[in-house]
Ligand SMILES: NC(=O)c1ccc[n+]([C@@H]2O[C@H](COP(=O)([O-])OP(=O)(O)OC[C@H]3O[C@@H](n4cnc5c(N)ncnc54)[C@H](OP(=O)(O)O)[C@@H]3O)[C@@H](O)[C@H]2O)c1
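Take a look at this single chain in structure tokens; it is the form predicted alone.
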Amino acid sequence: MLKTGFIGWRGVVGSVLMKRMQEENDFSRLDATFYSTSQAGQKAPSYIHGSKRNLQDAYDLSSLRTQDILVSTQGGDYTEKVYAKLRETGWHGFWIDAASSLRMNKDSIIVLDPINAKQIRKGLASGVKNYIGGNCTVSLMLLAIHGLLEENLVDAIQVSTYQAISGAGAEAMNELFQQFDYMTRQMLTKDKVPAKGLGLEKDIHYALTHCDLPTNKINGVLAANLLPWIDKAVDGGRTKEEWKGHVETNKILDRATVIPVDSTCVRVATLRSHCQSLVLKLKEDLSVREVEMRLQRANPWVHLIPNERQDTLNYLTPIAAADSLKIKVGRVRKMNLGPEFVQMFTVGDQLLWGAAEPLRRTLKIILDRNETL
């Protein structure tokens, strides 16, 4: 069995990864060690297969370098503190990471195996050691339009994202709840009958703008609001989240011809599952039915939602997609821009296919290869 260490397994993405690995009985195939940045020495999880080891120190390079594989969902700060130092010790193991720190490095492959399994296996054969999970919206988008990509039908992509707060981590989720709590308590303490209609809107607006709401993790008031800015600014008026849409898409696809991707990324006050409104410029004039057929048959996770009112309201929502590997695709329609333009709306659980599942499946690919060799 390959020795495999896990760092950040109690966080939002890490917890989802652990759940999926237990569901798939993945721990039976590896010799697992669990690391902690703050609780080394405490009891390790009970689902470690055949082991009663305590938690190890996530900053102990001598311990980390005993592992054949390290899987980190601890975040970019940890990767930047530990990764280079660990490699400098002569460690040549596999590094599987959810953070963005190493994604664009030449010696890293962004992993999304339904799309780029050949690239991953070629990397393993050639000695590549770094396998990094992609941006959540990019992974969900590529899986949603897989059927068009595999036939080389996509000429350009414009996407507007509506991203759940869980994508920013547990502390941001907690802060959103605090904002809603502050707002609600402000409304409930009024010595009057609760207002209705515009009066209610005015009371809520006053609470949101005059209460001392916590904003340290979200960088703004998200309760009953949205924030059209995610991550720091980069060139061209874009945010880094928007920049990732173009560069990561094309690194994953690894084609000679670049597909232009333009994004506007928005944080919304939903808890889980990212939504995306996609405008695709196709290389052919396909009917809606032809587009839908290609989308549905490419992989087993795309779930097509009929472009009807009640189906859309019932099934094409963050609530309907949460805690599921299904990626919902609906509102597929032609556009007035021209016969080659198609619009659609997608929603998928960004903690699963957008983060944890590509890491889990990459670990499985490495284990399969090791057992074959």
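Remember, predicted model here, so these are calculated numbers, not experimental data. Each residue number is its position in the shown sequence, starting from 1.
Omitted from view is the form predicted together with the named molecule, to which the following refers.
- Here is the short version: of 277, 174, 299, 219, the single residue with a heavy atom within 4.5 Å of the named molecule in the predicted complex is 174.
- Checked against the named molecule in the predicted complex, the candidates 76, 114, 123, 214 yield a single residue with a heavy atom inside 4.5 Å, and that residue is 76.
- Of the candidate stretches 310-318, 339-347, 61-69, 37-45, only 37-45 has residues whose heavy atoms lie within 4.5 Å of the named molecule in the predicted complex.
- Proximity of residue 98 to the named molecule in the predicted complex: non-hydrogen atoms within 4.5 Å are present.
- Proximity of residue 166 to the named molecule in the predicted complex falls within the 4.5 Å heavy atom cutoff.
- Looking at residue 19, you'd find every heavy atom of it more than 4.5 angstroms from the named molecule in the predicted complex.
- Although the partner is absent from this view, residue 136 contacts the named molecule in the predicted complex, with a non-hydrogen atom inside 4.5 angstroms.
- Here the marked residues 144, 253 and 358 all miss the named molecule in the predicted complex; none has a heavy atom within 4.5 angstroms.
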